[in-house]
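One chain comes next, on its own, written out as C-alpha cells in the form predicted on its own.
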C-alpha cells in the first residue's frame, strides 16, 4: 500500500490494518470513479473473490453516485452487524468484507467455504434410511435441517464459543415442543465453557457433560439428519459446531443410544426382532465374560455336568485361572478393535483377519486359551457391534471390565451385585435434568402430535 492510499485511509481501516497488517493476505483496495470513492478491506485467503467482484466491485463502477452505491450495499441481505473492534476483527478473519463509503462502514459476509460437501453416513449406516449426513459447514448443515423440518416454530440461534478459534455454533430447537428448562440449562453450560480450544461437536460434548470422567454419555453425538429431526420433534435440542460433520443432541437418555434409525423404516415385526437382538447383544456383551468366569471358577454346579466336563476338558493345559484367561482375551479383542478403527481401510480388513483367525488359532494351539474361551470372546466382540451409537458401545466395553473385577472376587454373587450396582448408578444419573433411565421422553403420540390434543 503506497503513501497516497494511506492518505485516504479511514480511521477504522487504519486500526484494522495495524492489527492484521502482518498477514500478507490482507488487501486494502480503494475504488474511485471521477469524484466517487469507496474502499474495501479483506483477507483474500478467506474471501469469495467471485462474489466480491460481482456484488461489490462491478456494481461500484456501474453506479452513478456514492449515495446510490451505499443504498445498494445496504440492501444486500448478507450484512453482518458489528458492535466493537474486537468482533469486527474476528469477523474479518472468518471471511467478512469491510466496505467504507463516505463515513459509513458496512460488513458483508462473502466468505469462501471449502467444507460444504455433504458426506456419506459412515458411523451410523442405514439400510433403508437416508445415506447422506452432514457437511463441515455450519450454514450447509442448517440448510439441510431446514429442508427436512419446515416448521415455522424451528428456531436457529447462532453464536460463538469463547475459545481462541472463535468457532461458531448453532442451537436448534422447535419452540413449541422444547423443554424451556433444558434450553436454559444448556445455554448456561455453553456460557460457562472456558476451554481455550474447541474444534468439534465431540469436543464440545465433553464440556457439556461437565464431568469428563463420566462413564456413560449424557448427550448423543450423531451424523444423521433424520435422527436429529426425530429428536427435534420430540422436543430435544440440537447443537452444531462449525467445522464438524456431527451434531450433539441434548438431553439423551440411555434408551436413545439403543435406537437405530432403521427401527422407524422397518415394519413392526422386523423392528421388534432387531430391537430384541440388540438388547440381547447388550446383555451378552456385558455379562457373558463375567458369567463364564463365575461358572468356571466358582459355581460349576449351576450348569449340566456334561457341559461342565466339556468346558473343563477344553481348559486342560491352560496355565492360569479363568479370569486371567478372560482378561487376556478381552484385551486382545480391544487391541484388535482399536487397530481396525485406526488403520486405513485398505489394510484394516487384513489386520483383523490375521488377528482374529491366525492369532486366535495359534493361542489355542499354544494352550494359552481354551476353545470355549475363543467362542465366548467372539460372541462378546460381535455383540459389541450391535449397539448403534459408538459412545455407548465404548461405555459398555468399559463396564464389562468392572463387572469382571467384581466376579473375580465374589463369583456369581459378584456378577449379580455388580450388575445391580450398574442399574442403580444409571437410575441415579440425569441428562440435563431428565432421568437417564426414562423409557420415553414423551409418549409417541405426543412426540409426533398425531392427535394434536
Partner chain sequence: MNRFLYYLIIINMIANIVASVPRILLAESTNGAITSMILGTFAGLFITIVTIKFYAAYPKTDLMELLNTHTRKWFSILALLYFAINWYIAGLITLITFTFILIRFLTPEMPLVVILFSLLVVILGGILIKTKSILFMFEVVIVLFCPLIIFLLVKTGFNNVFVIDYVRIAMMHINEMPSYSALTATSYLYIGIVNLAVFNKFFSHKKKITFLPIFILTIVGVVVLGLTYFAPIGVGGFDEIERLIYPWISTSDSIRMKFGLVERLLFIFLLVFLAIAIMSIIIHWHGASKLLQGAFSRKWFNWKGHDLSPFLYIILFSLIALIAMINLTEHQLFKLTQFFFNLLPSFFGISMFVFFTINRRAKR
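None of the values given here were measured: they were computed from a predicted structure. Numbering follows the first chain given and starts at 1.
Below: the form predicted together with its partner chain, not depicted.
With its partner chain omitted here, the record of contacts in the predicted bound form names 304-312 of 76-84, 222-230, 158-166, 304-312, defined by a heavy atom within 4.5 Å.
Its partner chain in the predicted bound form comes within 4.5 Å of no heavy atom belonging to residue 31. For residue 385, no non-hydrogen atom is located within 4.5 Å of its partner chain in the predicted bound form, even though that partner is not displayed. Within 4.5 Å of any heavy atom of its partner chain in the predicted bound form lies no heavy atom of residue 68. Using a 4.5 Å cutoff between non-hydrogen atoms, residue 60 does not count as a contact of its partner chain in the predicted bound form. Scanning 412, 27, 49, 402 against its partner chain in the predicted bound form with a 4.5 Å heavy atom cut-off leaves one residue, 412. Residues 283, 298 of 265-298 are found to place at least one heavy atom within 4.5 Å of its partner chain in the predicted bound form.
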